[in-house]
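The chain that follows stands alone, in the form predicted on its own, written as structure tokens.
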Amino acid sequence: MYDRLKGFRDFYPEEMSARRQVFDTVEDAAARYGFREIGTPTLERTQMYVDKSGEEIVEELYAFEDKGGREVSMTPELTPTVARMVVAKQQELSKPIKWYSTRPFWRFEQVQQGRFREFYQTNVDIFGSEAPEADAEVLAFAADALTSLGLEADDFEFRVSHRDILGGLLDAFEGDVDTRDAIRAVDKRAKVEEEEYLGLLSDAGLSYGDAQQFDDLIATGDLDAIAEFGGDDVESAVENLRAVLSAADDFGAGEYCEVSLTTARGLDYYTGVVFECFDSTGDVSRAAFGGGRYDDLIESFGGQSTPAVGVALGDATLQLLCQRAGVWPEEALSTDYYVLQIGDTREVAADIVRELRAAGNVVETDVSGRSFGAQMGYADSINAETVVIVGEQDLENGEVTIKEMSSGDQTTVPVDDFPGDDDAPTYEDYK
């Protein structure tokens, strides 16, 4: 026996049935907004992540030297890859560029609730628009995806912030403040004790008193007071945040949004509006997913200046959110028909199977030469809604038997009439 690797998961058919429904629902929402699906590679050059995040990132990667002597890594996130793709064909692509994809990623990190070493995300991005409407459309898509899954307004909330507000406020304090480290401290605010958090702000260059004042400002979320304290740059960022929230109202996502300037997002490439989705009851302690604006990334990859905004919905935390709200799909198999064979009836049974499948039904039949009882047991195990019994005696009378599994009711019908012109005939059609 071989044990599964820590941080990796197996998904059996029942689980995959539920997961497929969720992926399809989220992707359908993206498609309705005009996002186009892309495919991306499993491996990228390790240097791409080092250039973006520093040498220390390698410790979090599945990084190795391939047989060609290249230093490569299994992709830990999608944003650098899509940035590379945009740069490669920047002149050819119509703006705005609207892409989505669902795929696995890999990070070597501590396994905990909602976090694995292999995980799946649906990434949705807009490139080429700096307008507040682009940010709002990403928020609207995310809200639409969640409500399409069955979640309601009191199940989740989007905590919306702005990196330029945080950065501008930090610049308004005296001293040499490391803005990047201070924003990383804000990102940890809810995860550490207050003294440790204030200590991290002090380590970033704020005096202890200034750290408390800064935290008081962002905790209250009073945008007028914040704009007045921070000056012109902060006032401009506040206006942008308000414009995004106004557009989100018009796009139908405003009811899910609340200003939360203690939300920072830890990645350094974020530049403007950022947001995280949380379970509104607090039962799921981690953010279900997050996103934001990253206007400088394309240029840092060698392309022309291209504003961008996006969101990534992770499978594990999204499942926790849906399960808490009671809307995670049932983890069960679903089969429309099982065509049961008794005796030498394969030819007729195969004709029925082909016709039902051609009409778009999920159909199984015996491939193991089993007894009547064994076939009925199998049909029950795969949740077959209808069993079509093709037996030698019935065929002598030119008939087959249609059995409704939920009630156990059955009737015979002329074999020439089944399935006939109906794409999905059932017992109810013949009783």
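What you are looking at is a predicted structure, and each value in this text was computed from that prediction instead of being measured. Residue indices: 1-based, along the sequence shown.
Below: the form predicted together with a further copy of the same chain, not depicted.
The candidate spot formed by R9, T42 and F301 is fully in contact with a further copy of the same chain in the model of the complex: every one of the three has a heavy atom within 4.5 Å. With a further copy of the same chain omitted here, the record of contacts in the model of the complex names 85-93 of 178-186, 203-211, 156-164, 85-93, defined by a heavy atom within 4.5 Å. The shortest heavy atom separation between K191 and a further copy of the same chain in the model of the complex exceeds 4.5 Å. The shortest heavy atom separation between A172 and a further copy of the same chain in the model of the complex exceeds 4.5 Å. Taking the partner from the other structure, a further copy of the same chain in the model of the complex has a heavy atom within 4.5 Å of a heavy atom of L333. a further copy of the same chain is not drawn, but in the model of the complex it has a heavy atom within 4.5 Å of F108.
This chain is drawn without a further copy of the same chain; in the model of the complex, the residue among E235, D215, E133, D279 with a heavy atom within 4.5 Å of it is E133. For the options A219, A350, A225, A316, the residue carrying a heavy atom within 4.5 angstroms of a further copy of the same chain in the model of the complex is A350.
Contact residues in stretch 19-39 (any heavy atom within 4.5 Å of a further copy of the same chain, taken in the model of the complex) are R20, A31, R32, Y33, G34, R36, E37, I38, G39.
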